[in-house]
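As a starting point, one isolated chain is supplied in structure tokens, in the form predicted alone.
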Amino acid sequence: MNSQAPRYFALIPAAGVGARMAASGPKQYLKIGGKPMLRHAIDAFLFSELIAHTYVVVSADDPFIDSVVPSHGVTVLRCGGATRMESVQNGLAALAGTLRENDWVLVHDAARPGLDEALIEKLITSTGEHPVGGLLALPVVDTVKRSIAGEVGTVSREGMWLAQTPQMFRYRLLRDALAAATDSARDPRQVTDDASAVEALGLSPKLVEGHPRNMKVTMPGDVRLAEMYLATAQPELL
């Protein structure tokens, strides 16, 4: 195999607490379809022959992760930060001696259990050698309303997309973009995903149409819908 051939790595930040779920523990460990949400996300990457390795970023004192990760194909990085962006940054820093500058990193939300290998393949093949990178997203089909201080208006949905994950960028570009977002004068909390950090550099990633099954489980009511999508879930890897 050519040592300079594209390599693809998955990075799953999973150090959050999921306060909006009102659950008794971190939402990434909430069971959906018989196994934790995080394990669904991990298995999607393990089923993909395109992914060289999967890394999961958790907090240093996470007591659950060892019972969730499989026995192969996954490395746990106990360097999670206070925010998602910090966790991604810390994970990328920990991989400085492992990944090459041009390796692709697919960052995926732990709370998106509906990802499958078909979506991973679609993202990778559709993005190809795009100079910036790409992400899964869904075009907006509903009428969009904006309400500010009681004033309600309609926003054109033309060109509007809902970002999903994975979001796929070269290792060096992603590190540089997140570092720039951290160092900038604007509030880093405005960087709600990896693509927004890259866009802040004046770059435009490619949008690849995803699927509703790749929804983010955020509120308690989302669990039932995710279970419906996962009704034909793949077998768990040992």
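In this text the structure is predicted, and so the values were computed from the model without any measurement. Residue positions are given as counts along the sequence shown, with the first one as 1.
The form predicted in complex with a small molecule is left out here; the points below concern that form.
- Among T192, S184, S67, S204, the residue placing a heavy atom within 4.5 Å of the small molecule in the predicted complex is T192.
- Though the partner is left out of this view, L138 does not reach within 4.5 Å of the small molecule in the predicted complex, counting heavy atoms only.
- The small molecule in the predicted complex comes within 4.5 Å of no heavy atom belonging to L95.
- In the predicted complex, D116 stays away from the small molecule, with no heavy atom inside 4.5 Å.
- Contact check for T165: a heavy atom falls within 4.5 Å of the small molecule in the predicted complex.
- With the small molecule left out of view, the stretch that reaches within 4.5 Å of it through heavy atoms in the predicted complex is, among 69 to 77, 147 to 155, 107 to 115, 126 to 134, 107 to 115.
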